[in-house]
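First, one chain by itself: the form predicted alone, in structure tokens.
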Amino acid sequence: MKIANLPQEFTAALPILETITNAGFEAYFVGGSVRDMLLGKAIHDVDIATSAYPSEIKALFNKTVDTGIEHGTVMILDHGNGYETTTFRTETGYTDFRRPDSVSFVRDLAEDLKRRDFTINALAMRANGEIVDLFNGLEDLDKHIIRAVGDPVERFHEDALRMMRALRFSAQLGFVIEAATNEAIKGEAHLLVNIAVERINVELSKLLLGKAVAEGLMAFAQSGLYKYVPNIDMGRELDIVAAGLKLQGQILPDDATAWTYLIDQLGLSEDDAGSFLKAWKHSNDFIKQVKTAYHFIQLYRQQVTITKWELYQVGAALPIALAVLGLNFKSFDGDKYLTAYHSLVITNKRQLAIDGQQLIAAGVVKPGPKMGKILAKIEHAVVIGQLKNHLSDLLAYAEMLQSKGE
């Protein structure tokens, strides 16, 4: 196969390939950018593989950065954008099931491509648009198949995260995992305990946002991989399958909604939800957002009357909560809650017509804990409609609170 008209992302990088090949070396576009071009998807990072060793690459270009020199990767900055260029290499020994014990640079493209994870990622492209396909990746792309390069057990022993990547690509692309590759995942699932939580988090998050998330979650359960990730108990297979079944024909819009949905399907308490997210190494801001949405969901499930104050407290996390509730309850009317939220007098405390400095300037209160308590009572009174958000009204209310010692 030969691509007649290369996308701009590749043409912009052609001077890099030309400089390398004019010096007598081989150079190819490789990996995900080639795959995504063939699938008609957006192209992100354009990576280059070459027979030139790192020292030879650095001698050819004026501006380079050693981004992974021990693995043969050099960032070339000569043409505006940065392009990661990696020497063909072989790898041996994977005692930690995460990274090679040693790396050797080679001049042979085939040696480099055969160490890659899946056939659809083992494609290379010459500067003239000719596709180099040594492992039938083009056929697997056409048939929508995820297949390991060579022996899948070997590939997963090299990097156990590849098992999660198989599920992630399947969910993102709507592809089927080939039988031998799928059996190897089930057989080697226990190796996932060797992988850093942060890396698993990335793959599971992408799986949850895939167009085939339903099938992805069911594969996550059926493969047994779920047993070797943080804070998901051994007996949760049916919960995860049920979570997948509810999502058939659905797409989750963002990470926060996806993880809130997962927590809800696992039936975690609000306290456990925070511990769960922390174990998965999410940021504090992300945890706060998800917990806020989950609290609203719990109120709804407990049939607590949703007041203006509850809407105010959920704040910007409301769309997340409504999206998850909509997936759980077919007759759920999220629009009425959105309308009620947008009709609130204020949606955050910065919109109050008064602040601490104004209270101090008016001589109502001095800085300290009492000022914070008065502002909190003003905020609540405005939100529930007990008090108009006018400076004069708020000052009078503050003076009243102060006089009563509240």
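We number the residues from 1 along the sequence you see. What you are looking at is a predicted structure, and each value in this text was computed from that prediction instead of being measured.
One more form of this protein exists, namely the form predicted together with adenosine-5'-triphosphate; it is left out here, but the text below deals with it.
Given adenosine-5'-triphosphate in the model of the complex, answer whether the residues H190, D255 and H282 all have a heavy atom inside 4.5 Å of it. Heavy-atom distance to adenosine-5'-triphosphate in the model of the complex: none of the three under 4.5 Å.
Is the gap between N121 and adenosine-5'-triphosphate in the model of the complex 4.5 Å or less for some heavy atom pair? Yes, N121 is a contact residue.
Using 4.5 Å between non-hydrogen atoms, is R147 touching adenosine-5'-triphosphate in the model of the complex? No, R147 sits far enough from adenosine-5'-triphosphate in the model of the complex that none of its heavy atoms falls within 4.5 Å.
Even though adenosine-5'-triphosphate is not shown here, does G32 get within 4.5 Å of it in the model of the complex, heavy atoms only? Contact with adenosine-5'-triphosphate, yes.
Using heavy atoms and a 4.5 Å limit, would one call D159 a contact residue for adenosine-5'-triphosphate in the model of the complex? D159 belongs to the contact set for adenosine-5'-triphosphate.
Between K373, H44, H342, K63, only one gets a heavy atom within 4.5 angstroms of adenosine-5'-triphosphate in the model of the complex; which residue is that? If I apply the 4.5 Å criterion carefully, the residue I get is H44.
Heavy atom within 4.5 Å of adenosine-5'-triphosphate in the model of the complex: which of D36, E26, E56, D355 fits that? Just give me the one. It is D36.
Interface segment, criterion being heavy atoms within 4.5 Å of adenosine-5'-triphosphate in the model of the complex, picked from 273-281, 236-244, 167-175, 304-312: Going by heavy atoms within 4.5 Å, the stretch is 167-175.
What are the residues of 205-229, in order along the chain, with a heavy atom within 4.5 Å of adenosine-5'-triphosphate in the model of the complex? Contacting residue: only K206.
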